[in-house]
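Given as structure tokens, the chain that follows is alone and in the form predicted on its own.
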Amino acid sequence: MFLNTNFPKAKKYWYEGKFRDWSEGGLHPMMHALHYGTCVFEGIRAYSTAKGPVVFRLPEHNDRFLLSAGVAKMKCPYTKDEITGFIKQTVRANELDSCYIRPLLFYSYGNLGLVPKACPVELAIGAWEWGAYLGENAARGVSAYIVPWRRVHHTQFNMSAKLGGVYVQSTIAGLEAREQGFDEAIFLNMEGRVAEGPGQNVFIVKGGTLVTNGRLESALEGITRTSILELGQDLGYKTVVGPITKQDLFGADEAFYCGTAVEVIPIVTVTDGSDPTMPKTLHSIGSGKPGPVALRLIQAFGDAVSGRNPRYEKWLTYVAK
């Protein structure tokens, strides 16, 4: 029996062609993905609008989902259009106006050699009500901790893919940050510059310019990140994609995380724990409070995803259609 305590309003999940009750399990413990992280996934959000629920940037998420499958050497048994239909059906089946959506493609039960030669590729999709990740801290901003471990390097795999096994590193870093008393982690890359959070991109603001990095800095070029760059330009800000040093971060006027789960949330302090042989150092970002640029972007993003700004209707897929 699987309770939905941590998955509010989740009633059913889609699995291999049919809906199952949320409490129903049945996956074999010897499935390949459970042992080796041989899965790919997406984090997607649906939002409530005056015209009904919409999925934010669904085509882009599905494009990345299929790209990730290719990177993981998986032959997806479904087309992009079919996956789009399954996702919309899942939101409808759970009767959700706004929700988080998790499609998962994985090597299932067959063999347990590292090469999954006898394992079918299977698809599951869940949806549940989930507020913004770290959202309980949105009003005051969040504290970030630079962990001592460096992010997986862009030369090691395609940084455009979301591979399940890679996120073990994210889980460890997130737990470490919380054990140290902080809200979230930040990774440096092998070069010692800012890479990203465990599941979020990092932006800084300096002199009215929005700065974020890209895949050559060992960061996933997130879909929310791309949206924030466009929103920022439309609001009149200069945007730059390039390296961010620790000193750039510490000396920024503002900083914030962005991503599907976290949406947009200000970073107000950063503690540097990147060198375990040295004392940790605390840095206040700007005024130490959420800044005007981040707050303006939060408002603009909310207007875009909720359908209140027709300029960004292009980003919305209506669930009912």
Ligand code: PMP
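Here the structure is a predicted model, which is why all the values come from computation and not from measurement. Counting begins at 1, following the sequence as shown.
Quick note: we don't show the form predicted in complex with this ligand, though the next part is all about it.
- The shortest heavy atom separation between Gly199 and this ligand in the predicted complex is within 4.5 Å.
- In the predicted complex, none of the heavy atoms of Pro266 sits within 4.5 Å of a heavy atom of this ligand.
- A residue is said to contact a partner when one of its heavy atoms sits within 4.5 Å of a partner heavy atom; Thr271 fails this definition for this ligand in the predicted complex, lying far away.
- Taking non-hydrogen atoms only, Val121 never approaches this ligand to within 4.5 angstroms in the predicted complex.
- Contact annotation: of the candidates Ala294, Ala46, Val40, Cys258, the single residue with a non-hydrogen atom within 4.5 angstroms of this ligand in the predicted complex is Cys258.
- Residue Ile223 is the only one of Ile223, Val205, Val91, Ala132 with a heavy atom lying within 4.5 Å of this ligand in the predicted complex.
- Of the candidate stretches 223-231, 176-184, 68-76, 107-115, only 223-231 has residues with heavy atoms within 4.5 Å of this ligand in the predicted complex.
- Although this ligand is not shown here, in the predicted complex the stretch 121-154 places heavy atoms of just one residue, Arg151, within 4.5 Å of it.
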